[in-house]
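Only one chain comes next, encoded as structure tokens, the form predicted alone.
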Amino acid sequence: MKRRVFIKGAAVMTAGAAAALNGLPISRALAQNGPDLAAVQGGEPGIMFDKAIQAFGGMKNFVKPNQKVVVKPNIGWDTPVERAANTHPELVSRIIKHCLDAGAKEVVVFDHTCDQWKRTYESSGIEAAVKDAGGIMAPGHVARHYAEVAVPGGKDLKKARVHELVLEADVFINVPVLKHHGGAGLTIGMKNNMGIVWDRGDWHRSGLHQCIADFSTVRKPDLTVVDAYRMLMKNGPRGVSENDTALRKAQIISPDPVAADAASAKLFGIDPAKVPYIRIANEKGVGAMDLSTLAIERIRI
């Protein structure tokens, strides 16, 4: 996609509202083929996604009829939605509906959870939301469902066992929640990919940031949708109480996983260059960390 910058009439955020997105570059010119990244603020999770995907021309530009889609939220923790340790269920539900409306054959949702998977699926509210939306919940805790793949571009990570659902999917949509993480600094999209591999413990022992960046060269998501409706600001990745969170009502969406993570880091108040896995992935050419080169559509609801 060519780099463009643009303004889109009344849907563009006001200067005051834009300031709430912590310094994302200002758009300056007209786009012809849609943005590289959309930054939405001020609405509920479902409505914000409706606006964002509309900016990209609709889900039909990512999902074709009869394709198999995997949606990968963060469902790692046995905590309620108010703790912001997991992706908001309303966002997951709305993504599924857009995929099915675009003609998807099936939409499967899973995570290799940290807490016991049945409890996390239920307490997060995601299992119920997926079923109501017509999606399929799949377990991620069975070792035989993971196949070894090579990481030819890896420095520290040379191979990984990846869930077969992702390997067989036509479309992979990564839906992380933006939050503090004690080991990685931030959990965003590339860090959320640890939930599609089996042997993620090796990443912590081998060099977490390098492994996250190495793996990002293997299977890029077709779309990254970052949930920043309520952000876990400290004590991540699980959090201790609702007092650890801040209500921001924001969302970052991009086909470029590095751009999505870089914009999200800025939204969190951190220079993306100071998050090693973002910087390394940028150096590897996985995507663009320099947001000034991108067409960013700002949408205020």
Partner chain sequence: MKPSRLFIGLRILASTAVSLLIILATADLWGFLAPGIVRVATWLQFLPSLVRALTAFGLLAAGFILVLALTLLFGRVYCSFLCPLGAFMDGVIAIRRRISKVKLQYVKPGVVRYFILAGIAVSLFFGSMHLINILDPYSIFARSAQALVRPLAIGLNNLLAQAGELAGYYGIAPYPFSLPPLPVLGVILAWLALVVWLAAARGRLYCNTLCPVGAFLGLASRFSVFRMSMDAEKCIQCGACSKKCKASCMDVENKTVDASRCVMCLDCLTVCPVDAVEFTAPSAAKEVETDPGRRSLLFMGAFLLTGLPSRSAAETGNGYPETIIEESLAASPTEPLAPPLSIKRKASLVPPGGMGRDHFTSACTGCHLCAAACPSHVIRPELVAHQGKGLLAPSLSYEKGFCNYNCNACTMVCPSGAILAVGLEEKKRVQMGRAQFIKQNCVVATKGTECVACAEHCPTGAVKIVREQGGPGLPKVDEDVCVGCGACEFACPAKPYKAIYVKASLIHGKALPPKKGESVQNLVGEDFPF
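Residue numbers count along the first chain shown, from 1. Everything quoted here is computed from the prediction, not taken from an experiment.
This next part talks about the form predicted in complex with its partner chain, which is not shown.
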Counting only non-hydrogen atoms and a 4.5 Å threshold, tell me whether V240, I252 and L291 all contact its partner chain in the predicted bound form. yes
Given 89-97, 218-226, 170-178, 107-115, the stretch touching its partner chain in the predicted bound form at heavy atoms within 4.5 Å is 107-115
L165: heavy atom within 4.5 Å of its partner chain in the predicted bound form? yes
Heavy atom of W77 within 4.5 Å of its partner chain in the predicted bound form: yes
Can you work out whether V197 and its partner chain are in contact in the predicted bound form, taking contact to mean some heavy atom pair no more than 4.5 Å apart? no
Close approach of A295 to its partner chain in the predicted bound form, 4.5 Å, heavy atom: no
Of M137, A147, V151, A128, which one comes within 4.5 Å of its partner chain in the predicted bound form, counting heavy atoms only? M137
Determine the residues of 244-268 with a heavy atom within 4.5 Å of its partner chain in the predicted bound form and present them in sequence order; the list may be empty. D244, T245, A246, L247, R248, K249, I252, A263, K266, L267
